[in-house]
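Shown next as structure tokens: one chain only, the form predicted on its own.
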């Protein structure tokens, strides 16, 4: 295998060199990634000449049509247009095109969307950004700059858009001490210690980035919440953030600790049916809304992973959610997470959320939303869609995805996640439409990947996942390729050949990670606690579902988790037509085979290979694909500024090394379990299994 791998590397590098031949010899100035996709670097050639001829002039709204939001829109347009034109636009000349903002008088929430209308054939040529409210105009202004940055002509930009979902939120797993759970980009961006007196400029730049892709909400603290986040001193800090973000159309949300009435209020209980508890929450909500009239509401993690909740008092999730919903009233929303599993439940972990929540359908208050992860386990590299989608037609439900890559190589491995999210959004639930249609009344939430690193996300390509989340939450019909091309044109280069290469890297990246980490439907094979690196041998942890062995169930007889009627029965939680599609191990999509079926090592796959042969081939293919993508990136050096090209190349070096580690450690373990010889053409892992099992990483980030 190693000889073939070296040959693939040489060929890929040669192809990449040919690919970028003819690109500009001069490299762009060094960049650090802070500007994200809002760089607005000067256009080139005909696009630059045309913009100069148009000499666009932004007309600021006046009087009752003006607000802090329209001021921001005007500032963004003027600065963005100047940058795109290279500072060479002659303002106010006779042929200037007037860019006007027709926004009405209400600041609003932007839910009605916007339209971009060229009116260039009028006696006084103009371009109109129209919306029912000021937030809509701000979204439209960012959209216009995006389209121009992609090289489009003003005359050709006609858009009419409105967000598909009312809620498009980031969930921050940030702790008040600055540590970020599952965060791989440094410490938290929230400086709670110095708030409210000092507001870091980064908070404004964060709001700009979110507004530019239509994100309209942020939960600012970890769902494993600290009760003191509800104290008056923290409400004052939260108010400072809310005031700063309001002009950008971003509302603040908070994760409260369910036991706060007992922890803070001095009560003996947090029972959601206790009158004193309900009164405490009403008073606390009133206190928050007195400071922040547009406070978004609460995101709650309860009775999961040891967190307190209503079940501590023999109450249901609906009892707990409805108590908080009553406290907020029409002012806000309770978002109740469906990520639940408990040590006392001996059933398949993948079944627990369905079992707990489906009986409660129709019992949640109108201002409660159930937030459901994309899959039934926990943000794995690949999972089937969660069976709750479509199973609770009388309950509003939103999709939760993970922008930070807890199980996909931290910030080190390049994994563009839009294909993963597109996969789940497009999935037919068999119960009233696709996942995208099921969550349309509520929206999408993403566990944020931002941190204090200068480039925000730890690696430059992880910025693309932040961008992709916002774009898909705005329009789930966008393709992964469209989003990838938008992002890389605004972030790296407009050169078409380089764009094609970068898009190829992005679109192939997630599948490569799946292949060298969890091929053929395997899941949860990562190390304990930090979730870093392979550890399929771990079988001795206190709770069964903490162990990788619980999920792969490999022994000499076979591998995989039987979730059919002969196993846990989890397949029955899906609609009959979906269950029928996945019931037969011979016809199921091989990508989900071992998720739903336990099969023998000599099980014959559709391509004629045995399972053992196919599994080994998947690992090898994943490693080779990462080598190919890395070689393609190396060949792009003439098209990318040196600083960011080097930074990405360094990350690829880590990924190549760790992909091979995943492959070798996994194959060594499976070989020790099944006792079979390695398939023909497969290079045995050089070190013994004991070497991989001895590795320890107590300093791994994000714990």
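Numbering follows the first chain given and starts at 1. Being a predicted model, the structure only gives us computed values, none of them experimental.
Same protein, other form: the form predicted together with a small molecule, not shown, and the subject of what follows.
Annotated contact segment (heavy atom within 4.5 Å of the small molecule in the model of the complex): 173-181, selected among 123-131, 248-256, 575-583, 173-181. Of the residues 222, 412, 632, 488, just one reaches the small molecule in the model of the complex with a heavy atom at 4.5 Å or closer; this is 222. Out of the listed residues 168, 471, 628, 337, 337 is the one that sits within 4.5 Å of the small molecule in the model of the complex by at least one heavy atom.
Taking the partner from elsewhere, no residue among 603, 607 and 671 has a non-hydrogen atom within 4.5 angstroms of the small molecule in the model of the complex. In the model of the complex, no heavy atom of residue 422 sits within 4.5 Å of the small molecule.
Under a 4.5 angstroms non-hydrogen atom cutoff, the small molecule in the model of the complex lacks residue 460 among its neighbouring residues. The closest heavy atom approach of residue 295 to the small molecule in the model of the complex falls outside 4.5 Å. Proximity of residue 555 to the small molecule in the model of the complex: non-hydrogen atoms within 4.5 Å are absent; the residue sits far from the partner.
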